[in-house]
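As structure tokens, one chain now follows by itself in the form predicted on its own.
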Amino acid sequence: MSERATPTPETDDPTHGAADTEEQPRTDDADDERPPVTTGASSVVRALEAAGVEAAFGVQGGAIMPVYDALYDSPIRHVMMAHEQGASHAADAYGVVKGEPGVCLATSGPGATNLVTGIADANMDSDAVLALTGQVPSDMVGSDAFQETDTIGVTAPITKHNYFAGDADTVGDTVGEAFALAGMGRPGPTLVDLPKDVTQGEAGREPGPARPPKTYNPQMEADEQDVKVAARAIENAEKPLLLFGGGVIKANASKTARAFAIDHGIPVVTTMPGIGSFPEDHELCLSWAGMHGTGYANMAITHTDLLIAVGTRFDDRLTGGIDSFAPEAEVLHIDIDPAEISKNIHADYPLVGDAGRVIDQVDTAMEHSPDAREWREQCGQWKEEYPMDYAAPSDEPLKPQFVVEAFDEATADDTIVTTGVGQHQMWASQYWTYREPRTWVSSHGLGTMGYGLPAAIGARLAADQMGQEDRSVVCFDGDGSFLMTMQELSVAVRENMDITVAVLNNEYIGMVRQWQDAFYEGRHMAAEYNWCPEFDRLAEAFGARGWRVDDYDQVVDAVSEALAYDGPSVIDFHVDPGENVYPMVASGAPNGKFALSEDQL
């Protein structure tokens, strides 16, 4: 997946790129009044300030205390989280919404290892995050000292790069480099491990500007000859299909991508991370494809003769069976990371570079649009044949899809939706109409239950700092997923964050129960969650507002009251425990073989 993150939303400025990271650190009149850099810890914080960091999420602890002490004098807003995992998810979501690396901190040992799930999550979704971890003093490393963990070794496979700081005078430069690297090219998490003797050591110089390593120079534009060949392929296609992945959003290329699709009349499907890159209510949009994507998106992928994929890594939840994916198509693949080209799906027309720039290159090289009128009509026909709908008999329990639609109806287009992972995540992505990028914030590749609530906290702070205090933030969570990180509700209460949590409570770890019914003869081993607390009352105990909803006629009022409440609120929706997520492509099956009910699996 591509691309780089930038501090401003959706500029589509083709001059952005490597040069962005060459900008000098932020300077203002207050700089002269700041205390001088005297220690490694103050150098760390000064480097963050110079990079423009305005917020950080973390948990205090022994080995990271010097950095926290330096933060005492900093304008950076630190949000103390209840658990380090929450800090890493909040930083991740903050970065997704704001379009710049999020920052999280933790102490050594368990603090660092508690960050690991969030770092791995960011790595799988190519989200820019900088993690700072305390470490035991350098001369104690390897001695099994108190709260010592080999953080570098643990995080090496799940970071874009990690660093072990070795000098108080240069540690700020290291932090600046890690921050710049996280957001450049294909974004991802970086980590700096900070031994306590380094952060406490004397330092006598200001850190330099935040710059990526000189050896990191991602290719921004595709080879011109390759572009010409690809342009001819698009012109000659009879059934072209655009596939927008999360890289389109990360590259701030949604505007460019939309214009290309509309100008040339090419239907669009997205991946789940690509939701919001193209307005889902546009006539060309077929919504998202994959295991629980729409039937019409999967039909289009099955029958296209040219799949134009932008910023996607073709993960298994999208492709189903590799051999049967897009069986009638040649594949044109645009991505900033050459490692993704032909990794999972062979690219007949590989174009390496920034999503926005390469789309512009292709657009310039095209002499005419493809003749796709009949293909567009066919896609429209599939929309009618396989609509996204559900039955809601009045004598059956509340349907979760109805709840999602009620929230969508009651909120503005720029509402940010976060989710945990499970059935509720699928319903939130299927029955909400997304029209803007960076409004869908979820855990895709790693599939991390518990992501939703801390992500809502990060998203809320990002929106507030962007001057969008009136923007709604709604978290859809499952009962099992909410239970994993619900302690972060105390943070939302303490910070008086205006977020609304909708727990779609089916008293199951629902997706597991659905698969047990489909593939394990209904043996519900360890899937029942009828032992959970009453979430509305627990929310009140935390100091938030809480509602319980059991019936259809309670939904609209509860949604309205929760959205109107200025602070964190939780609605515990008791929904149909037997409701399943459809359409569904069985794992490894062709996209075109989607089931609309269990007996079709």
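What you are looking at is a predicted structure, and each value in this text was computed from that prediction instead of being measured. The first residue of the shown sequence is 1; numbering continues from there.
There is also a form predicted in complex with a small molecule; it is not shown, and the following applies to it.
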### Task
Name the stretch, out of 423 to 431, 379 to 387, 223 to 231, 246 to 254, where some heavy atom lies within 4.5 Å of the small molecule in the model of the complex.
423 to 431
### Query
So which of 497, 398, 449, 329 reaches within 4.5 angstroms of the small molecule in the model of the complex, heavy atom to heavy atom?
449
### Task
Quick one: from 212, 172, 353, 480, grab the residue that has a heavy atom within 4.5 Å of the small molecule in the model of the complex.
480
### Distance check, residue 407 to the small molecule in the model of the complex, heavy atom within 4.5 Å
no
### Task
Decide whether residue 240 counts as a contact residue for the small molecule in the model of the complex under a heavy atom distance cut-off of 4.5 Å.
no
### Query
Is residue 509 a contact residue for the small molecule in the model of the complex, using a 4.5 Å heavy atom cut-off?
yes
### Message
Taking any heavy atom pair closer than or equal to 4.5 Å as contact, tell me whether residue 136 reaches the small molecule in the model of the complex.
### Response
no
